Ligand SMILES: Cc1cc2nc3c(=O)[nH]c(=O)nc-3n(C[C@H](O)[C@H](O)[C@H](O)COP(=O)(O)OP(=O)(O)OC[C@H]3O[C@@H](n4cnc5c(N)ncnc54)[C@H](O)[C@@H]3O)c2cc1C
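Just one chain is shown here, as structure tokens, and it is the form predicted alone.
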């Protein structure tokens, strides 16, 4: 006998979790199925709304760019009010851990690569480092961190024309780790305020004080200090405030390429919200089959160590991601959605899937299911695939998430709509 809920969400990323929360808010019982851990832990922790449209951007106000998007873009399907409601839900989940909810304007956040990224919401740990802030800045990197070169990042920011003086220094972290140590090892040492190595900081007890004493002589008038995203994990606020007090200047984290600790922290906030909302979660087993009746889904099956486990529901949400997340698959034979075999329109000749200019407009970037105005996927003839299936997030076609910097916002908006409408039909 199938395990039954009112609403079943397939996919555990930002869209799936948003849909589950939205459906649960209607009073429906909800289960979220995900094959692997949430993709949020592989994200930067920044939450975009819309950064670019075509050659225009970065946009100061993402909402002004909505009318320039093509009709098939998910934002045009759900409308501006749904986008705002999706971000309102996000703000409710993250609380004071994030900034940006006070304004429609995009914030400009410096990254560890020395670039500037427009984003709608950003972790509180990055608030003191915004590129619109004119305070002089010192970036601090550490020997052994191969993915962050502080002097190079500072040079790139200066070349980009940021309105502040910026320098970068590379220091030895007060405690030595293995050459392949992950960022979490640095963060944990700061969380616990572990003992520094005597040959690196012989005079100080506690790695936080030792780090502050190493940075202090390098300030040279800098009015804020930026570190890579490792300033504590569970105790991020405490560590950042401790360092700021010791240095007597604000301390911030730079946005990092995925995976990143800010992404892991964001995942933790959403998982706590799901638990509080009573959403049941099943993780680790792929959906391998489904049953339908009279044009409606009835059951999906997961594979658990070779056994088929049935899950039934009245309403379903597909939020398995795009090409990168394998919610859309491709082969020499074509492009397909692997869970419910929903139609993905694409050129027959696979050489037309991509443009020769690597930085040009890439057709494959917009591959995805085509929904009706109720977010129900349509087949090749334009008919609804299943009457009780809605799609959310990057499995939807029509958007170039990487170029337009809109992936998180699409996930929040379409997840909100798909979950709310599914729950309302119970």
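All values derive from a computational prediction rather than experimental measurement. Residue numbers count along the first chain shown, from 1.
Keep in mind that the form predicted together with the named molecule is missing from the display, and what follows is about it.
- Proximity to the named molecule in the model of the complex, taken as a non-hydrogen atom within 4.5 angstroms, holds for one residue of 375, 59, 399, 43, which is 43.
- In the model of the complex, the named molecule sits beyond 4.5 Å of every heavy atom of residue 22.
- Using a 4.5 angstroms limit between non-hydrogen atoms, residue 287 touches the named molecule in the model of the complex.
- In the model of the complex, the named molecule lies farther than 4.5 Å from every heavy atom of residue 109.
- The named molecule is not shown here, and in the model of the complex it never comes within 4.5 Å of any heavy atom of residue 114.
- The stretch in contact with the named molecule in the model of the complex, judged by heavy atoms within 4.5 Å, is 391 to 399, chosen from 363 to 371, 391 to 399, 377 to 385, 66 to 74.
- For the stretch 1 to 37, the set of residues having any non-hydrogen atom within 4.5 angstroms of the named molecule in the model of the complex comprises 10, 11, 12, 13, 14, 15, 16, 33, 34, 35, 36, 37, in sequence order.
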